[in-house]
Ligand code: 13P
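Listed next as structure tokens is one chain, alone, in the form predicted on its own.
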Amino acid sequence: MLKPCDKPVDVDQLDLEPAPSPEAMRAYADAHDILILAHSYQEGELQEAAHFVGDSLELARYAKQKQARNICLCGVHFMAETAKILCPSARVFVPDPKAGCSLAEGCNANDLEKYQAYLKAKRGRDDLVTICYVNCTAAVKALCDIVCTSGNALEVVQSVPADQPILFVPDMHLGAWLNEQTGRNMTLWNAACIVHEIFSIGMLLDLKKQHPTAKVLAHPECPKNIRDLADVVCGTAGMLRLVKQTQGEKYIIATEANMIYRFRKDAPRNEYIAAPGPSCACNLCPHMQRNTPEKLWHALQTKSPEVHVPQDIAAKARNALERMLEIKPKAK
């Protein structure tokens, strides 16, 4: 989050100069001791400029491992907060601070704290475990016992003793999928990803008819009706592992469409089709799309806009993040 004294930066109002090539931006970053991290949902040019591209879990692990002095994170705001929490001595900045997340916006820390108190009072017990999906603010993470990503959510839920009640926030669709997979009855928060929630079931069925041999890969943030049509439900890292192990396959991809850029680069011997939204050929996250090569170039040159997390919030959120990172992923 921005410091209270900081004025929000509207990068769209700046007169930005054209960006050089991705290779030139990465070379500039190298010369100025800047680590560029990019999420797999970023456009291809930003992925090419980055030193490392990954999902939320991979970015978190990489940021902590590298302990860089300067980090430019091409993604959305909660990811930059996470990098700052795990690397408190680093200067963390972003191409556009307005790149947010509907899931993070759908879970307010004050509301969560009240709901936690309500659930504890209702049950008459104080052993509620709150698991938060990484797509939430630092203030929400600070109220939680452990963080998870789509890549390790199963392991995180299974790390909690079966007799302990769990509140899962903020993604109700991911939470519902986890309940299905684990047999738990977690209490779910009511929020969803605007990208994964609007996939068109009718258009997906039409695509399956047009491509009867194609396998549908769906992110667990998708609603149940989309998940039920999928051959495989997994996070982006799991999808990438799967397609890299195959060739000559055809896949319909039900996640943010920029993921297909990574698939075509890392596993080019397959064919990929973006699952459509209700009114377009593919689904792109409007928040991720706020980041552009020009904004990245400005961020690298100015080491701004910078992301800050208050120390008291960061300390509590770090505990939840560190607990997540301690959980070893199962062999794939």
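Please read all numbers here as calculations on a predicted model, not as lab measurements. Each residue number is its position in the shown sequence, starting from 1.
Although it is not shown, the form predicted together with ligand 13P is what the next lines describe.
- With ligand 13P left out of view, the stretch that reaches within 4.5 Å of it through heavy atoms in the model of the complex is, among 36 to 44, 62 to 70, 22 to 30, 296 to 304, 36 to 44.
- In the model of the complex, ligand 13P stays beyond 4.5 Å of every heavy atom belonging to residue 137.
- Of the heavy atoms in residue 196, some are within 4.5 Å of ligand 13P in the model of the complex.
- Ligand 13P is not drawn, but in the model of the complex it has no heavy atom within 4.5 Å of residue 82.
- In the model of the complex, residue 141 stays away from ligand 13P, with no heavy atom inside 4.5 Å.
- Contacts with ligand 13P in the model of the complex, taken as any heavy atom within 4.5 Å, map within 224 to 240 to 235, 236.
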